[in-house]
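In the structure tokens that follow, a single protein chain appears in two forms: structure 1, then structure 2.
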Structure 1
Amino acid sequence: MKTELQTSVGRALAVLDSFRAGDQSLSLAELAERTGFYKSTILRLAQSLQRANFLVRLESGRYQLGAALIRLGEICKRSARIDDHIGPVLQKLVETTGESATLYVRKGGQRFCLRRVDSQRALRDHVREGDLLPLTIGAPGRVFLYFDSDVARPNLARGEVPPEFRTTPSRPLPIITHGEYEPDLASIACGIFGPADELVGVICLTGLGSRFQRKAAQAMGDTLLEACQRLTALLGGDLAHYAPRKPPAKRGAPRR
């Protein structure tokens, strides 16, 4: 995690950020090693952090993250809403790919178009914000199917889903389909994940099938993937969902 550290505040935050999942507590020396700061510097920063309960000093002299972080983390979890961040991302996607971009969220048994930015091309689909579509059809549908735990199981059980969709895709995200929703219409879709590891929405790029071939499709997929990763990071979700294999990826056991 790269952080600018010209400022004293930046350094203090870097000290906090140096805690990794599974760290019970860190010694001054460990903090110094991880951050690269002088021990005297860390000592002073730590005093400020302690005053505000962002850090606590144990009897042993080791440092531990403070409870203020729990409080703020909870507030953040509740306030992280995808529509706060989606606007500029979709805009940029359309600019760089030239195709239309749409954000879908699940609404009951359907998918709901929460945000849409049209491309400038003459030939494009015409989904509008507020539209409700079948949940499991098209590239976005497959994403819901594969990654939304509330969706996949019941629908699979009820046999509403064609059998060829039931297997996990070889490369998980993004997913591309051709002519599934409408002939000559292709779409690339990718999911966005929230702090509780749940699928909060799906972004997709749609356009004429002939424009979604080979390298062009590959490139669009990459930029889409990157955008979704950035949003997931903003929402506090786990980036492990985008890893080539094994989606969930639980944290390691605490040591020390």
Structure 2
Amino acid sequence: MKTELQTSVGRALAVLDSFRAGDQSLSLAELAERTGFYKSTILRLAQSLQRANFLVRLESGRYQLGAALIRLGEICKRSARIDDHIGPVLQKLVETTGESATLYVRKGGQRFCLRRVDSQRALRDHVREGDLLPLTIGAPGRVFLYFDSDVARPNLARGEVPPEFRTTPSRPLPIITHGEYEPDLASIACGIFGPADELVGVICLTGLGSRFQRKAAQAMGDTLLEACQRLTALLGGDLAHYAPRKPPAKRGAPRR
């Protein structure tokens, strides 16, 4: 009985998951094609989903997602806060990379250090929770500059990151800078995105510049990228900003 129930629940979830961005409604044939289920199976599942208001059957016979999903989505957005997950993530980043890990959020025209876990290394930066720093300087500042839709960036499309600031040429995130905030320091930063495609925060790894050479920076960037993707998924954000892209044409000498 338990296995049968689990199978039914899994199939019902598969029906709901077959809806994609831009779908207003789906026909029975489209649902069958996307799930691989028999139409008779979908009809049976649809009746249960309709009773719970997860699915609506239109007069045309097509199916539409129901209001129960909107209600759950709103509950999820209100309950999923970055604060609930960030502590262990920062701690793990420090243990893995050996560098200090910081979560910044934007406060007006500055970035605010919301959470911080220090490296155990003797040579490191000394940012503290509660510090306010210049918004668009350093790797975390550049994430705000390139990805925060409320930050002015003349002649730049959102997500257009010059190749000299990428840890991996094909990906716009993470971003790396050397000596922009302090001459001897380097930083690697990556954004976290929320359900309305807003940039909700930036995680940054910071340390002595000599420890952020290309191979080490790529490895740290990959570790940071994975952590930010997990947090974005937990918050219901879109992972599209992390997708590989063709590097833009190089414009002038790199600023490091």
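Counting starts at 1 and follows the sequence of structure 1. As the structure is a prediction and not an experimental result, all values here were calculated from the model. Basically, rigid core = biggest C-alpha set you can superpose within 1.5 Å across the two forms.
> Only one of these is the form predicted in complex with the DNA, so let me know which.
It is the first structure that is the form predicted in complex with the DNA.
> Align on the rigid core first; then say whether the Cα of L235 has moved by at least 2 Å between the two structures.
No, shifts by less than 2 Å.
> So with the core overlaid, does the Cα of G66 end up 2 Å or more away between the two structures?
Comparing forms between the two structures, the G66 CA shifts at least 2 Å.
> Superpose on the rigid core, then tell me if the C-alpha of E198 is displaced by 2 angstroms or more between the two structures.
For E198, whose C-alpha is compared between the two structures after core superposition, the shift is less than 2 Å.
> May I ask for the C-alpha shift of L43 between the two structures, in Å, based on superposition of the rigid core?
Here the C-alpha difference is 8.4 Å.
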